[in-house]
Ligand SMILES: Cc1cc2nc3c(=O)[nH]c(=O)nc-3n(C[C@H](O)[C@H](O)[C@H](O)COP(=O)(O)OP(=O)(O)OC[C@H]3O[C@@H](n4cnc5c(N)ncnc54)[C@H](O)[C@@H]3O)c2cc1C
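One chain follows as structure tokens, the form predicted on its own.
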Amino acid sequence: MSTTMNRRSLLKLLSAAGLGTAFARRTMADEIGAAPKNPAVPEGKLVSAKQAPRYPARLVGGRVIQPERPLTVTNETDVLVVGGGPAGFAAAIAAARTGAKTTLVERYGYFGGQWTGGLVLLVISSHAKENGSLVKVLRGVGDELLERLTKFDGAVVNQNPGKFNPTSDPEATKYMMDEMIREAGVKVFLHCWVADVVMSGPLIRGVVFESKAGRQAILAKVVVDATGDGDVFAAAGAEHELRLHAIGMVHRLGNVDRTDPAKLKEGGIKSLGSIEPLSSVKWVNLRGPSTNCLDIGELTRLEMEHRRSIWKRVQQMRQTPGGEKLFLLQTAPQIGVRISRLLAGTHQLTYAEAREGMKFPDTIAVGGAQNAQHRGWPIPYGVMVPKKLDNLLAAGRCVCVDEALIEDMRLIASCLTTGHAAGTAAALSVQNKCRPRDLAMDKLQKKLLEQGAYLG
């Protein structure tokens, strides 16, 4: 009889003896790829105070005091991109492809931000109208992602020629983002939240993160703030403004193709939501009240109230003739924050400048029209550059625009294009050993064009 036994057979034997549970994690690791064997503390060993020094906060005179403490530097990199939403994803890809050692940090366990986790699946403003013709302004990294999604059935719609504002499946988009990040060789840290910055005078030298591993730092030559909320430039003391906006929550309905629209309309249900690649599913937006998304009390209240409201609405639809087979497929794991902090950049792009199509010598991207109904609007490099803070660029919805232009700049297409530009600029700044604000625009624009970006 053979004396060899694999782990799966061992697990079955132990399970039969009532001892299998403690070994399940090992078998899972074998199946999906074993984790590197470098734990901070050996498995099964107790951690004493001597083995793990702690620096707990103290209550002193009614105030909580956090003592000085050393931080572990987990990584040193050329370009550090903070935030893995559309802007951060594009920035990391572009920086790595430009030749910079690139690190990407994201607070959730996936990329895409509001596009995937927020279930805002519609890539608005992908096109503009020039001389009566439809022109795609979303090119480069963002368009490459969408094109690669067309290879999968049910992954994206309206990405084909003559169409605009594509809509993608969130899981397919997450997958393809993972693939492109991996292919580009970007080092990734998920489940990390910005806690502070590392400064040397007016220079940002890195970012401090909080995670299950505790508080750690990553040092970088250039940082791209793609957090959406400007968490990095705010922590660094850069001038900025706070704007209030509607905070909603998206949800998805299942079995939409098994409803009776005529009966639902008679019952007062006029719309089931917006199109998705899957015919049986639709995503439904919820605007919500305008309030401060930096207030955790408000975020908590809205999370719970929005889910309660969504549940009640879906149950009402299920009780309406024609909607009996509908069900609530999913509520977004990310609440729908639209805007918060806006950087005070070296140039504030205004709505008037955008609608006039003003040309800029430092154009790094072109914004589109929400329904492809008007011409594109050049986006200058200055919207991403802080007035005084050095070695940092902003990308995405937190760049420097006036109030009237927020609705256009915060959209996914604009986040992808400004992210692409920021990542390329950051990498070129490292290579040319200059501050991002001093980067030669002809070099940046040439590289962006080589990477497929559209500059008008």
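In case it trips you up, residue 1 is the first one in the sequence shown, and so on. This structure is a prediction, so every number in the text was calculated from the model and none was measured.
We do not show the form predicted in complex with this ligand, though everything after this point is about it.
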Identify whether this ligand in the predicted complex is within 4.5 Å of every residue in the set 105, 123 and 227, based on non-hydrogen atoms.
yes
Any non-hydrogen atom of residue 316 within 4.5 angstroms of this ligand in the predicted complex
no
Considering non-hydrogen atoms and a 4.5 Å limit, does this ligand approach residue 193 in the predicted complex?
yes
Taking heavy atoms only, is residue 331 within 4.5 angstroms of this ligand in the predicted complex?
no
Contact of residue 206 with this ligand in the predicted complex (heavy atom, 4.5 Å)
no
In the predicted complex, segment of 212-220, 261-269, 185-193, 93-101 with a heavy atom within 4.5 Å of this ligand
185-193
Please tell me which of 112, 368, 323, 345 lies within 4.5 Å of this ligand in the predicted complex, judged by heavy atoms.
112
Only one of 382, 277, 336, 378 has a non-hydrogen atom within 4.5 angstroms of this ligand in the predicted complex; which is it?
336
Let me know which residues along 404-421 have a heavy atom within 4.5 Å of this ligand in the predicted complex, or say none if there are none.
410, 411, 412, 415
